[in-house]
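Below you'll find only one chain, the form predicted on its own, shown as structure tokens.
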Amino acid sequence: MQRIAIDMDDVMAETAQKIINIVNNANGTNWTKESVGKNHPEFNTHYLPHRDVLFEKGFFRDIPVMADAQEVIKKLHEKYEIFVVSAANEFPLSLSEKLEWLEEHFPFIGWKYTVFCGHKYMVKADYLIDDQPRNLATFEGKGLLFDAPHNQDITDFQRVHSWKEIEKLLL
């Protein structure tokens, strides 16, 4: 059975949108995912003073699920061995929150198929779906770059814009 490794933040979970909402609420701005992608350096001047929120208890627990992720990953789970891979170690308080989030939204995957790691190159899979090009660059299988505001200038990997597009590609 082929194996798919799937990142959490900005792939399964709408992490960027939550950050954008925090920045907008704090600054009275109206950034969108589309405008952040076009003006990433300018957005960073608004975001960086609020970056510590990523280290606060509760940040990762209530992030909305990416559109169509539950439905498509459930279908993929019937055909592939699915592993969730996340760099949760960077944000120590996120470990339990991410496990709880996965249990709530993706209970069919299970904790035995969840890998929290700093580097994803050690994960052996046929596919890696990730929003960070640094993870795809060292991956030995087929990397799929999940579209996100911070990766708009990347052209080195096959880009996927939605879970419906992944469904068409892998199913």
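Quantities reported herein were computed from a predicted structural model and do not represent experimental measurements. Quick note: we count residues from 1 along the sequence shown, nothing fancier.
Missing here is the form predicted together with a further copy of the same chain; even so, the following discussion is about that form.
In the predicted complex, every residue of the candidate spot (P92, F116 and H119) has a heavy atom lying within 4.5 Å of a further copy of the same chain. Here the chain stands by itself, but in the predicted complex one stretch of 61 to 69, 105 to 113, 36 to 44, 23 to 31, 105 to 113, has heavy atoms within 4.5 Å of a further copy of the same chain.
In the predicted complex, at least one heavy atom of V123 sits within 4.5 Å of a heavy atom of a further copy of the same chain. At the 4.5 Å threshold, heavy atoms of E56 stay clear of a further copy of the same chain in the predicted complex, well away from it.
Although the partner is absent from this view, D52 stays clear of a further copy of the same chain in the predicted complex, with no non-hydrogen atom inside 4.5 angstroms. The shortest heavy atom separation between Y80 and a further copy of the same chain in the predicted complex exceeds 4.5 Å.
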